[in-house]
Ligand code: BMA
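Just one chain is shown here, as structure tokens, and it is the form predicted alone.
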């Protein structure tokens, strides 16, 4: 049975047992969505957001598109991981460098704790989409860093520790539009400023991941390798369909894919995933994990409109990936 290593004990992880008769490795919370599109006064929609354990409870960075349809990120807190309080105001960043503060938009954040602080990555508008970066120690003050890459890029996801003494980030090079292509790459850095040693990780495949793929939540370190969740996109006769699956990457060379799901773990199939501002989207950006029990709680955006929860066990998901690898 696969186990999480170098993980946290998280006894208060949001959780709901697998429904009787469910044959899937991942299942939905029966009270979804947990965050409505209009939780804060300014928002048109709240989705594709990142959550981490913080001070015995939970904190997060949330994508909130406002009623003018501007894309930006807001701070939020929760005692139990279900009920959230979000700031109506966007996060204000500090920086000694005016270039680090330049941003036409911000969306689809991820958050990870590395060493002594929480790092935030997001898709940042700087002459087109690229990967913005910042950090915070306390979710009170936020400090902007330089963009990681040149435009155009999306889905920047940091690994939770250095690998071979380097910081490592997944990303998906793209274009300036609603990209109809995309593979996952890895880049490495000695200092989170200068990025290089780029490696191709995964290409698109058939079916649900035929058009483009992109890294989702922060990878989990297991005794089988890095468990990486990713979204895949199918181009149907009625537009894009966003589902998600998983892969297992080599622990020391995470650009080496050991296993990768042929079938998806979850696809949009409920009303709140299929009806909204962008129909047919299930897009995970965060995964809480309890190292003691192997429980995983996914936070995912549904139909680019609301925020939802799903659950699984690390051993069940790893077993699924290995048995159904392409």
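Positions refer to the first chain, counted from 1. It should be emphasised that the depicted structure is a prediction, and the values quoted were computed from it without experimental measurement.
What follows is about the form predicted in complex with the named molecule, which we do not show.
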{"query": "Contact stretch among 73-81, 198-206, 135-143, 104-112 - heavy atom within 4.5 Å of the named molecule in the model of the complex", "finding": "104-112"}
{"query": "Contact of residue 287 with the named molecule in the model of the complex (heavy atom, 4.5 Å)", "finding": "no"}
{"query": "Close approach of residue 46 to the named molecule in the model of the complex, 4.5 Å, heavy atom", "finding": "no"}
{"query": "Distance check, residue 266 to the named molecule in the model of the complex, heavy atom within 4.5 Å", "finding": "no"}
{"query": "The named molecule contact at residue 315 in the model of the complex, heavy atom, 4.5 Å", "finding": "no"}
{"query": "Residue among 40, 278, 59, 257 with a heavy atom within 4.5 Å of the named molecule in the model of the complex", "finding": "278"}
{"query": "Position in contact with the named molecule when the complex is considered in the model of the complex, options 226, 242, 159, 149, heavy atoms within 4.5 Å", "finding": "242"}
{"query": "All of 28, 273 and 300 with a heavy atom within 4.5 Å of the named molecule in the model of the complex", "finding": "no"}
{"query": "In the model of the complex, residues of 1-20 near the named molecule [heavy atom within 4.5 Å]", "finding": "none"}
